[in-house]
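Structure 1 and structure 2, given next as structure tokens, are two forms of the same protein chain, each shown alone.
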Structure 1
């Protein structure tokens, strides 16, 4: 690969087009080759019931945009298209495995989190500075990155900044890398504005002003774009001219412990679900990673029969060092919870691992007794959802001649 302006390129982009659809194809081989649109709620429409396009099968072409209203997409789609509900936890877990695989080859990896419609999935940037001593030239680096994601149809691009690397990846072909050389403006001029990292509404506004390509935007003064579109106008003006000052920030990896089980039959019965959670906790706390360690949070994920996946997070008030304490906190949150439907499987993930080995107790017996009493009251409050009816006898006027004034019952609160 040639160098860019006499300098070695610093950033590579791994772009997995139609990532959600590719994951669905791996999970459902019968779906591969059939036209499909993955729909869900995104951005400002979340929680309002408005469905938007999240991803689609490649055979539907490039006329769709992430965030496009479903009604508009169906007007241009084939009649035999299938609508799929997204499994966001599965997509995130799969993409996390992709990032881990990339980090095994290059330490500086940043997932793209700027695209709200795609949940930041399917695209990552890799800092390739200094890797020539390990792999050789850029072609060898691209080959190493391609091997890390060989289970997907991935595209790889190389450039002097993240934007040019992404554009190169978008224009590359499967199994090959591409690098932008010379004047980037010439390469960007004919590309559509749909490639810009902006939402669907702004893309529509650009078309309304007759700005259909990045060359159309680059021909305008940056001040005019900022005056019309604000900060977004400055961003699209810079990117259309190949300017990108965003630094590459390596992701922070978090140590977690995860366990999974599958139910013989889909169930919504807590009599089946609670023992399953207890079994997952037992397996998790017997893992070497949790030896003499505590967890601060638990996450439960489940596939729901004929519905979207279900997820619940439980933050422990105090780090849980045993399955008993973790189970108590999870059960207290499940008591008043209605599941969206019968669940088919369950995954438990413990995170926020800490080396805290215990709690410092007071030297005085009375203080330790009060602390244990307060802890018991706190657990009762978490389970009942209200202040428990626990009272303590307190002295008021022990010298009084009237017995009712000598002592009083005072409610004990945590």
Structure 2
């Protein structure tokens, strides 16, 4: 990855292993040091009730993988292991704070969203080329990054590209950085193929062909790998040779306004929840960031008593510039939803902030009005499951001397 000034690029990878568990142990100090597995629904099993492993404490060893069925994990786990319910909104918020803290040191920060099984949490890449003038050498840069995540047990690696930086971070020890220089192939040669970011089935196939280390793969011509494994073969061959063309894409920061409150007692009553939302909206709309501005989306997050947190996202059809408009949309969505249980607190986040006050009106207002009406009837039909009793007045014989024959109500057909 060459840079504009012709030098080789340097990318740092900040890897926080077992990130979810680390957040949990910060939140619950009594759990720190005890074996624990964080369990939830993930991937294709989401919503089907099948529980699988999301994260675990490091003292349980390396025999677990993310997405592993809980039953399988419990068969391998110690008897004193604690099962924890995930708090994904908290993990996301905490990781967002980590990214912001890294951005304060280096502007180019990219969260690794490819690690989908861990919700894209716990790993980030930082472009550190050109920072030696600010911090000194690479070691000083690594120290600055390490300070940004000092509340976590983080591993930091530096390499020419994202892949090498990740491998360096995986191989480094706690609190120390590792930099891969010279020929990356020699460093990678002894590493097992399990470290490659590929499907578990492909790993098994590689073993079947006698390819146990990255050195085994690098020794083969890329064409042979491609012929046998297709696109995955090319990827595996490139990575085993230390080649990674993926660019570093900095995170898009989004301005949001967030407000939070706690209920005196856990409640599932809308009579309590709606005034709470109204109060949060009032506080949010009186913030200077929202003065004469509009929000396009609202997100509600709540901790549910003895259950996983609840999240609801409301996209406003038209940007909401006041709490009454925002509340109307949120209420409409809440009417169709059932809360999973009594909630203990609530966080409201308004995002998609815009200064656009005007709305684009249609030149053909009649056509637009008819379209809106047809859309409303279609939505009603979908909700009721039958033709809604919506009529329009039609002229039949307006010239007739008999009044009841002049007009009639006819079914409105979209």
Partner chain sequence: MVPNPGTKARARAIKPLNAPAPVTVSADERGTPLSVSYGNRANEVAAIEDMWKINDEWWRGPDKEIDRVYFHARLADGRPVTLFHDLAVDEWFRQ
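Since this is a predicted model, take the numbers as computed values, not measurements. In this text, the rigid core denotes the largest set of C-alpha atoms whose superposition between the two forms falls within 1.5 Å. Numbering follows the first chain given and starts at 1.
Between the two renderings of this chain, the form predicted together with its partner chain is found in structure 2; structure 1 comes from elsewhere.
Comparing the forms between structure 1 and structure 2, the C-alpha position of residue 294 differs by less than 2 angstroms, with the core used for superposition. Core-superposed comparison between structure 1 and structure 2: the CA of residue 98 stays below a 2 Å shift. Fitting the two forms on the rigid core leaves the C-alpha of residue 307 displaced by under 2 angstroms between structure 1 and structure 2.
Here residue 402 exhibits a Cα shift of 3.4 Å between structure 1 and structure 2, evaluated on the superposed rigid core.
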